[in-house]
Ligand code: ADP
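One chain is shown next in structure tokens, namely the form predicted alone.
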């Protein structure tokens, strides 16, 4: 039975890192499109944005250097055409190859164009081609899987003035989505949207900042009235701590918009900090899943708050504290932030956990995000691990308490 409510699926750079990855992503989209309208937001192939921005900085005076420009063209053409040849069916491949080469010609023209709006605008003008190239290949790969797909010709995200970290114009985006995305969905096609990219009031390319494809997904979702957005990446979902610092970090089955936003602000790499704002505004659910392990349930983010306790934990480093002595000596400190809806008993428990570990917090208290424990930098990672072990709520812990 077909569901008429549209779904937005976003793929990050590692999810479209090569031909095999494009094929995998296309299969996920085709399966979803069999039962409902689907819009796809796609990032640049991993590493492409860095390559483009590096070139933009190298030629910051606006004068293209022929040797490096030829090398840029050759590198991007080789990588994207190779991916297309692996991911796109033979009958559709010529059209995709033509589009890739056409985009590369446009990139060369953009690099050589006069720098009328300043260096920031120029960087954005160059950077957006990574997403445009990915969108062309992914649309061809999805169509090769039997689900007709089209790249949205006009960027559907409207932004205010400014070219980098641009603010989204919600009403303008709704209008552009109704003009450029909805007709594709109504016609039974998958709409493929380059992530990270917007349009200024004057119609010029703007960018939403690094990692902005996540934000693009929820912005487009709000614009087309979707109830659900999938954020597909190379991890199974949101972990309750940085696994590089906490080896036993576990997958969080659910988070609230507030918790996910706070965690992203504190450095959780899987989400852009502003991703949840459009979702929270309209009550749209966000499911963070793995492109490479699609059977894993992932992390579902909604407006529901857990009743209490700590859900996840993060470390904010490079604080400076002044010791109360005549010399005013300063030392480096870090804040361990325990996100959730903790109570005073959780604060007391955290202080006791640190005390047993031989760590004396400089400061401890309850803040908007949750608990905050400030410790000297040399003890910060140990504090993070022991507080994670003792405070982070897990389903099995809750079951033990009920028993």
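The model shown is predicted, which means the values in this text are computed figures rather than measured ones. Numbering follows the first chain given and starts at 1.
This protein has a second form, the form predicted together with the named molecule, left out of what is shown; the following refers to that one.
Against the named molecule in the predicted bound form, would residue 175 count as a contact residue? Criterion: heavy atoms within 4.5 Å. So residue 175 does not count as contacting the named molecule.
In the predicted bound form, does residue 102 have a heavy atom within 4.5 Å of the named molecule? No.
Partner proximity in the predicted bound form: residue 135 to the named molecule, non-hydrogen atom cutoff 4.5 Å: No, residue 135 is distant from the partner.
Answer with yes or no whether residue 388 is in contact with the named molecule in the predicted bound form, where contact means some heavy atom within 4.5 Å. Judged by the heavy-atom cut-off of 4.5 Å, residue 388 is well away from the named molecule in the predicted bound form.
Exactly one of 280, 235, 315, 121 has a non-hydrogen atom within 4.5 Å of the named molecule in the predicted bound form; which residue is it? The residue in contact is 235.
With the distance limit set at 4.5 angstroms and only heavy atoms considered, check whether 9, 257 and 274 all reach the named molecule in the predicted bound form. Contact check failed for every one of 9, 257 and 274.
Within 4.5 angstroms, counting heavy atoms, which one of the listed stretches 180-188, 78-86, 217-225, 241-249 is next to the named molecule in the predicted bound form? Stretch 241-249 is the one.
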